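In structure tokens, one chain follows: the form predicted alone.
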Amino acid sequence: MNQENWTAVDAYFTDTLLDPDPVLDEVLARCERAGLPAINVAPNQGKLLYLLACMKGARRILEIGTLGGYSTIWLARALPEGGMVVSLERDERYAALAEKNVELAGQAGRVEIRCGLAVETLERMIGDDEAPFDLVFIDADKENNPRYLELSLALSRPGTVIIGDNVVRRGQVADAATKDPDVQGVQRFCEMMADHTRLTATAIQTVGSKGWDGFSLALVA
């Protein structure tokens, strides 16, 4: 098996299980034209986020790492009336494009994009005593994953679901001798989930159009 096979299977599942979506197609095209890195979730992964949010019945969702707003739109579509996605993005150019994409998708009233360093924004949110979130999606720089987890827990409550993306790092997560700061961040992230008394968690490795990677899933007790 190789990347060609994995991409073909992802395409089959997307074509079979997802309805055609010209709006999201245009969002991806805009991101490509703007030169954003192609690190957004795949369409079937976006649908997974949507389903998880629906199954949770999430009304408040925190996303760490907006990029062009593709996953943001999937999450916003899962919200009931009055729900909100708060998405954090450090790059002003990405945030501006994401706002336009969210508007194109008709989700502007359900999404608030906050620009700045995520750690600083999260610390302000905690200081402002913001209401807790029902679902958290962590998909930013992996070196800071441990801090993102710590701060997300302060904005969670019993039953909050925390999803961490890109945790396999092409298998490097299992390398105890790695010097890669992003891999080390993921390793500490996983260790924190294992040791934390408020969390029960697992992680799944995947292959697909985005290559070999995976995600973690944790529940706040």
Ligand code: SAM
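Given the structure is predicted, the values throughout are model-derived calculations rather than measurements. Counting begins at 1, following the sequence as shown.
As for the form predicted in complex with the named molecule, it is not shown, yet the points below apply to it.
- Within 4.5 Å of some heavy atom of the named molecule in the predicted bound form lies at least one heavy atom of residue 39.
- Interface residue remark: residue 83 is not counted as part of the site for the named molecule in the predicted bound form, having no heavy atom within 4.5 Å.
- By the criterion of a heavy atom within 4.5 Å, residue 141 is counted among the residues contacting the named molecule in the predicted bound form.
- The named molecule is not shown here, but in the predicted bound form it comes within 4.5 Å of a heavy atom of residue 117.
- Stretch 60 to 68 is the answer when you ask which of 60 to 68, 184 to 192, 170 to 178, 154 to 162 has residues with heavy atoms within 4.5 Å of the named molecule in the predicted bound form.
- The partner is absent here, but in the predicted bound form a heavy atom of 90, alone among 77, 147, 100, 90, sits within 4.5 Å of the named molecule.
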